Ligand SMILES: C[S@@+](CC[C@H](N)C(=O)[O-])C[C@H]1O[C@@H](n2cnc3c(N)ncnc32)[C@H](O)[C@@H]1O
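Presented below, as C-alpha cells, is a lone chain in the form predicted on its own.
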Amino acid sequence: MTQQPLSPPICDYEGSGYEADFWQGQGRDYEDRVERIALRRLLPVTGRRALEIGAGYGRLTSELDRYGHVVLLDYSRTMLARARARLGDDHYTYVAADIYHMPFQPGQFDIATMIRVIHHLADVPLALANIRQVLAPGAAFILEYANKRNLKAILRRAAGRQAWNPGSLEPVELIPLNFNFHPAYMLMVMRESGFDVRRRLAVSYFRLGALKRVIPGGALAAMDGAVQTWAPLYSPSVFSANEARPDWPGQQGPAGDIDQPLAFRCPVCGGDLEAAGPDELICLADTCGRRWVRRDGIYDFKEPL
C-alpha cells in the first residue's frame, strides 16, 4: 500500500468554537456584511457546480445558492457537521479533506471560492495549483487574502513599531500559520498557478474598533461597499476575481465533465474511486486499495477506513 503523502503544516479547526468565539455576538457584523458585498460583486451570475474551500460552518454558503450544486470542503469534520446542521443535505455535499490532497477528479467545478483561508496556508503555490487542477478551463475562482500592505502596517512601520516591511513582496507570518500577503506577490503566484486575475477589490477599509462602536454595521458596510471598486489596495483584505486559464501547462490529465455526477479520486495516490457500498468508496489502484467512508453525511478523506 502506498504511503500517505506528506503535507505542509495544516491549521486544524477540529473541535474549535470558531463560530461562537469569533463570529456570533463578537462585533463582526461589519466584516460579514462587507465580505458578502464583495462576493456578490465578483461571483458569476450562473453556474453548475461550486466548490467552497474552507467552508467552515457555512457562514457564506448561502451566497452560492444560485448555483446548481455546492460542495463544502473543510479540514474540520466538526465545522462541516455544524454547516450540515444549518443547511441540510439538499443542494449540498460535505467533504472533509486536506487542500493539498483534494479528493476530486480534475475539472469538476466551474466556480470556487476561498475566503479567510489562505492566510493559514504555509505553501500557497501548491494550494493554488491544486485548486486549479479541480477547476474546469475558464472557471471562476474568488479568493480573499489578508493584505500585508495595509494602512495600519504602513503607519506602524513608519513609527518604528513594526520590524517587517509592508512593501516587501514576501509573505509575513505574524503568528504560526497566520500569513499576510502583498498584492503584487499574490498577482504573481496566481498567474504562475494557472489563473488570470480579472478584478480586485479593496475590502474592510473601516475595520477599526472605534468606528464600529459609533457607526452601525449596516451603515459602515455601505460606506465600505461604496469604495471597494475604486480604492487603492491598502485595505486589510483584498478580494480577487480570477479565471482558470485553459492553456496552463501544469494541468494533469483531461478535465472532467461538470454536467456529470461529482467524481472523486483517492487523495493519497490519485487513483479512481468506486462505490463499495452506499457510504463507502474504494481506490481502484492496484498499489493502494484504500477505503474512504461517508459518515454522518460527510465524506471523510482525512483518514481511510
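All residue numbers refer to positions in the sequence shown, first residue = 1. Computed from a predicted model, the values in this text were never measured in an experiment.
There is also a form predicted in complex with the named molecule; it is not shown, and the following applies to it.
The single contact residue among Ala97, Val189, Val172, Ile215, judged by any heavy atom lying within 4.5 Å of the named molecule in the predicted complex, is Ala97. For Arg116, a non-hydrogen atom is located within 4.5 Å of the named molecule in the predicted complex, even though that partner is not displayed. In the predicted complex, the named molecule lies farther than 4.5 Å from every heavy atom of Phe195. By the criterion of a heavy atom within 4.5 Å, Leu220 is excluded from the residues contacting the named molecule in the predicted complex. Contact annotation: Ala55 falls within 4.5 Å of the named molecule in the predicted complex, judged by heavy atom distances.
With the named molecule left out of view, the stretch that reaches within 4.5 Å of it through heavy atoms in the predicted complex is, among 132-140, 155-163, 205-213, 72-80, 72-80. If you check the named molecule in the predicted complex, you find no heavy atom from any of Arg33, Tyr145 and Arg200 within 4.5 Å.
Contacts of stretch 10-24 with the named molecule in the predicted complex, defined by any heavy atom lying within 4.5 Å, are made by Ile10, Cys11, Tyr13, Tyr18, Trp23, listed in sequence order.
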